[in-house]
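Only one chain is shown below, in structure tokens, and it's the form predicted alone.
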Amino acid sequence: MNLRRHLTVIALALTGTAFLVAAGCGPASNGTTANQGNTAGGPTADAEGAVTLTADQMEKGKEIFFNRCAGCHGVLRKGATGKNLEPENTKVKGTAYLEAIITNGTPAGMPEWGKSGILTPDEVKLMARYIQLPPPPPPERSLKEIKDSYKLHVPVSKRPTAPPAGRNWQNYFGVVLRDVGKVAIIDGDTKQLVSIVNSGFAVHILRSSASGRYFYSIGRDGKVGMIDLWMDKPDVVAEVKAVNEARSVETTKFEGFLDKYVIVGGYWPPMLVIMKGDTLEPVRVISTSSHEIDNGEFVREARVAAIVADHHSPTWLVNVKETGQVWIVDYSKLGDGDGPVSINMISAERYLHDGGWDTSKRYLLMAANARNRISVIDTNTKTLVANVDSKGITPHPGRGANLIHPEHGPLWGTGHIGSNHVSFIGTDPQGHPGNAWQVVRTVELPGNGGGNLFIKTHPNSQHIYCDRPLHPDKELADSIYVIDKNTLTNKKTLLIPEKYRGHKAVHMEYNKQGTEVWVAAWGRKDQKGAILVYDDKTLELIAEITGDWMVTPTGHFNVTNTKDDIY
């Protein structure tokens, strides 16, 4: 690395700038255009320094941007978790600067796409130029197009009427094999592979039906799959391409409406798609484009970052990321799809990302990670209770972690992408009013910088687990951090086995009983990954689940914990 580039990376680390974050890359449009002529050769610049790409290079850049970049920076590249990468911002930085960031990442959470080998040197050069050119217009999607993509593989009448004999299917895990477009179903008792299911590209999450019988998968490509776990070899019984890009799917969990509907939130187009819960037949589309809460400016790309089903009322709570609104969507009068859907829009904070319930499932805590705050929604009164300073940089809780502390009472925890803080917020305004809606304790993970994506615990465990896969230090990214619930200190750091070093340890999930913690060793597509199983009491590695089929394992979801929102 030359001196100029080395100094650039140091400056970024000191300022905490994350130009292209954990799913991210960016845009452009400063009077420059793509070269539609010769498609051979590499990126070029004209005599005045304007960047040009061939049509083939633009297509390649578009594909990489979708796969790695749009999640944080947006299809229109206006930013959210990641920075705004419109041309007036990217072009002034220069190509060498952008190449350095894409290659090396930053401690604030930008992955080292080049250094890790996920992008080749030529791809890094391409993306540094691609994001200085105007983004191609993204396609829209109509209800008719959604319905045309719908496939019912196995009608309800032809599905099993009883769960598989001899299997504890409620302790199944669904493991996302991200880059090969598959989901592995693993028996949590025996650690045996039960089935490998074809899914959408880069599945983001799995959500259990209220009964636990079905996994609903949502891919980055907007494809929804309905996996029947009662089959001897679980498989997709219905599928639909709801949107072009997505992160969230959820079922209905209120008594009387259990699994009646399924909802998908679109990144692009920004909208909600509601389907029938037993067949995935599409019935309703609702745009989420709206006006943001700061200045009332209209936001076309108002993406749905997370959806949580209320257990106590017939509603979903929907994070509309760029607007800073939490929508309470009432499905009680929807009927067969032709009835009304009422929406209560609550102004919270920007930019909303992810979060989950407190222990009572009355309060919903959502990270507004651009403002380093946690928005708290009271689902009884349907109001914003507080915007809590998270005491860290870029909170990223996943669903978060709930615990009952002997001194502070009920707490909810989040880690941070941009700093090494794990923060615990009081969630009991009746029993512990002095602690309610403020950070009562922070824990600093070893080393500087953040990189945390997920935090997890279980009512039967005395521990809280944090990962750090976005940290540029390989040893820190290969570690899981164990926090003691009583002392709220980092009790132990678990470094994954040497043969998986450099893979990145990501996402923790307990088994149904809360006695084991499963961690993914997430490597490149050409590496064999693993699910590492730790004993929660001894913190010793007790099993490695691997095979030639274990390619890019990332999120993994236990049936019972997912359906009951245990975290």
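Note that residue numbering follows the sequence shown and begins at 1. Quantities reported herein were computed from a predicted structural model and do not represent experimental measurements.
Beyond the structure shown, there is the form predicted together with a small molecule, which is absent from this document and is the topic of what follows.
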(message) Can you work out which of Arg220, Arg373, Lys485, Lys91 has a heavy atom no more than 4.5 Å from the small molecule in the model of the complex?
(response) Arg220
(request) With the small molecule left out of view, choose which of Arg77, Arg468, Lys253, His353 has a non-hydrogen atom within 4.5 angstroms of it in the model of the complex. (result) His353
(request) Tell me, yes or no, whether His507 is in contact with the small molecule in the model of the complex, where a contact means a heavy atom of each within 4.5 Å. (result) yes
(request) Decide whether Val197 counts as a contact residue for the small molecule in the model of the complex under a heavy atom distance cut-off of 4.5 Å. (result) no
(request) Give a yes or no for Phe454: in the model of the complex, does one of its heavy atoms lie within 4.5 Å of a heavy atom belonging to the small molecule? (result) yes
(message) Contact with the small molecule in the model of the complex for Gly266, defined as at least one heavy atom pair within 4.5 Å: yes or no?
(response) no
(request) Sort through 441 to 449, 225 to 233, 129 to 137, 244 to 252 and report the only stretch with a non-hydrogen atom within 4.5 Å of the small molecule in the model of the complex. (result) 244 to 252
